[in-house]
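This document starts with one chain, in the form predicted on its own, laid out as structure tokens.
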């Protein structure tokens, strides 16, 4: 039978006359008549083309002061070595526990390490990224108490806010912003206290917050939160030196885990960390790995709770997460196991010290205005220049420096110009004196 005859039989079976009818749902104005696909190329040509494009990447050879959620940190080579093992790299959801003990144990260790880091009872395994984990946390809070008002800091990033709104679509939840003191960068406790009522579902706090400030007032929130669920969005590396959220009364803790052994890789993949009190375990999304014993009485690991729509009736599902970030969770567990508690403390301490050094150097340069925040910064240092600096990021880029991101880029919901002519410069344990000196020298020329 010829190809044309096969096509005709297919069309007859489908009861259509022309192949074009298969695309009748696609509007004519968006149909591409002539795709103009180039001829195929050889393997050598393909590799040369890829090499040409790769040469356009300049970031790795530049001084980096970018951050605000994704950071260039030291990753031990042993982390990548572990992730490259085929039993981790090729594994999917470990449905058959008897064949997946290695993966299940690794994820159990991840959960245990996250609980130690956050001071919480339970950690799920795992979430897509920090922002979506925060959206899930707010929905989780609503499932717990069914109240309708969620309090957010006025300096929450617009991208984070949009994700929260997406997760709350269809629910009658009102988002209310509470004030941040624009002199210290800390939560305005009096303003927040006045906004808490019997209908408050949750209070979201950030540590460090959207201004990069280590917020000392989060430690007092347990005194005023009443019956609201306290959700803490934290920087996991900062917990090397800061008090864990469980110690100041957080009910749910959320974090972006990219800093824990995961390369930036042009923005992904990421890792959403979600930890919470044991009493809320039946309202949590995703899955939880538990420890049990097998038929011979030996230690074994299983997926204890699987509150996903794939596993239970949709009406009873806690979320519609269809997969997770198991490989990234194993990366985080590997990183924390390798650096240890003292290593994480050292990374956090160096980051904080470099932030202080950078602020001191900028103040000494005389380029900053007098209205700098008095609060202490961790990784992300927000500074305001005394004179307008047009296209600062582009000018620094021309001098081999990445950074100088305007605050207005993050706060587009009415607070973008809260501190005029202000920019973020981010540091990590990698930042050194030479990097800081080169940044100051470049600013001397362009500002």
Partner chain sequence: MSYKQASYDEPFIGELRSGTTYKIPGKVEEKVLDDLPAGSGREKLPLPEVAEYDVVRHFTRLSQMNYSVDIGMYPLGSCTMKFNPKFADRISTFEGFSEIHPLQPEKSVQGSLKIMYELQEYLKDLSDMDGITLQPLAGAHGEYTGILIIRKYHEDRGELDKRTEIIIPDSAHGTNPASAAMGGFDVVEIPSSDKGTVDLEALKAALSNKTAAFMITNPNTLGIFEDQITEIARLVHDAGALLYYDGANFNAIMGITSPGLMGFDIVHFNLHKTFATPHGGGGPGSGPVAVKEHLKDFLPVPTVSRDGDIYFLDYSHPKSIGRVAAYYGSFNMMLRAWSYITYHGSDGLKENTINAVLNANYLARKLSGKFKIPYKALKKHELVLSTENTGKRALDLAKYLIDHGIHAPTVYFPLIVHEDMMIEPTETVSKADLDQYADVLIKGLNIDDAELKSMPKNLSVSRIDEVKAAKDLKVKWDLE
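Numbering follows the first chain given and starts at 1. Here, rigid core means the biggest group of C-alpha atoms that superpose within 1.5 Å across both forms. In this text the structure is predicted, and so the values were computed from the model without any measurement.
One more form of this protein, predicted in complex with the partner chain, exists but is not displayed; see below.
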So which stretch, 193-201, 80-88, 221-229, 363-371, is the one near the partner chain in the predicted complex (non-hydrogen atoms, 4.5 Å)? 80-88
Partner-free chain; cross-checking the partner chain in the predicted complex, the single residue of 259, 275, 284, 106 with a heavy atom within 4.5 Å is 106
Partner contact for residue 239 in the predicted complex: the partner chain, 4.5 angstroms, heavy atom: yes
Can you tell me whether residue 113 touches the partner chain? I mean in the predicted complex, with a 4.5 angstroms heavy atom cut-off. yes
Although the partner isn't part of this model, could you tell me whether residue 390 comes within 4.5 Å of the partner chain in the predicted complex, counting any heavy atom of the residue? no
Contact label in the predicted complex: residue 244 to the partner chain, heavy atom within 4.5 Å: yes
Within 126-156, the residues that have a heavy atom no more than 4.5 Å from the partner chain in the predicted complex: 128, 129, 131, 132, 136, 139
With the core lined up, does the C-alpha of residue 42 move 2 Å or more between this form and the one not shown? yes
When you overlay the rigid core, is the Cα of residue 54 off by 2 Å or more between this form and the one not shown? yes
Would you say residue 433 moves its Cα by 2 Å or more between this form and the one not shown, aligning on the core? no
